[in-house]
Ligand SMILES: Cc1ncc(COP(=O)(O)O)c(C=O)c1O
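Take a look at this single chain in structure tokens; it is the form predicted alone.
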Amino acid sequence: MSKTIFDRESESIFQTYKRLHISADRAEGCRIFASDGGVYLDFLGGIAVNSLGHSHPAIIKAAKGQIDKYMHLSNFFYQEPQVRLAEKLKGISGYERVFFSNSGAESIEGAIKLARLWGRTHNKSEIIAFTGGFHGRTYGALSIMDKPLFKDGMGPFLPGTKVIKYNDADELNANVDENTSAIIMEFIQGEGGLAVADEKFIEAIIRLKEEYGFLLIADEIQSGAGRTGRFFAFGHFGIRPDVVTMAKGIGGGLPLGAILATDKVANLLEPGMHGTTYGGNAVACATGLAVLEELENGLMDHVNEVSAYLNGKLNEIKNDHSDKVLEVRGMGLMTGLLLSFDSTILRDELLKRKIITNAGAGNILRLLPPLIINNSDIDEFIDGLGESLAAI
């Protein structure tokens, strides 16, 4: 008897993921088609990667068009897809320089190096981050996180880093001083339970930045590229970071990350000081350009419309199941529910109804659907959600 893919995976691959019991065959739009014939509504979106959904025609066209020319040359060459994407990012964001990476963690590592270089020239060394944050799995990223599951037994971590309480202006005031080189933060935390920065906290950051002159680094890896209804989540807060890290949705399904910065920061890196073999891969940049063009051609407006519809439906669910749903959290299409019980229970009930979601931060059901979802998709999800809550 031949082994199933589930058996073969368990025998061959590091067991670091708690996978859903689904063997994917293909995916299209907001649907994943399993090898056993099951069809699933996808409200996970590749963990916020598939911004245009699965197999979007613009993504396929861009990837195929570039593959016909070349796939990889290295960063020794001038490449039109890189330059066009960088110009588009500059135009949308207003930042002056772009560095392309492969992933969010790699973007964070580059941003940490910029913070150290900035600190060296300004006699500062400490980098401050916040509880609940998630910045990646590399050592620099782990050094600015407080999550024991990801860190226990893996130290020591980078010196000169500090993790303090998120949304606590008093603790912020007590920890920022002349030695603060940078503050790095998510304006809406993904793994941190969809916590959103509050007004008092942002005001404290702005005031302290004016006083001490540190860099502000925005982690927009999950929240960027239009997911919250603005191109960047910090756009909701009236603040302008010095450095922005991106990945996930910017590539539309291919590995692509970026660091955006002002000239005064970007120019600290001289030739040879930082680099990457695959960062800015031509095919990934071509699909990234397709994502940005879709966002500019009405998709951002669509995100705001459908997210308002989804938010209204989620609040109706909260009212109907107030003993189980305590709060609707998040912004735009980075949203979810605070539950009175472990979110894996609800995730599994939804999975029985062929709906894929994410169980995060203990009792948070996180929703990261493709930005192309429509009201019909939302209605289907809400029907399944109501049935699942009733069954628990």
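Given the structure is predicted, the values throughout are model-derived calculations rather than measurements. Throughout, we count residues from 1 along the sequence that is shown.
We do not show the form predicted in complex with this ligand, though everything after this point is about it.
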*asked:* Tell me which stretch of 230 to 238, 129 to 137, 115 to 123, 258 to 266 has a heavy atom within 4.5 angstroms of this ligand in the predicted bound form.
replied: 129 to 137
*Examine I202 and determine whether its closest non-hydrogen atom to this ligand in the predicted bound form is within 4.5 angstroms.*
no
*asked:* V196 versus this ligand, in the predicted bound form: is there a non-hydrogen atom within 4.5 Å?
replied: no
*Any of the heavy atoms of E191 lying within 4.5 Å of this ligand in the predicted bound form?*
yes
*Even though this ligand is not shown here, does G104 get within 4.5 Å of it in the predicted bound form, heavy atoms only?*
yes
*From the list S181, Q222, S307, T287, which entry has a heavy atom within 4.5 Å of this ligand in the predicted bound form?*
Q222
*asked:* Residue by residue through 235 to 274, which ones have a non-hydrogen atom no more than 4.5 angstroms from this ligand in the predicted bound form?
replied: K248
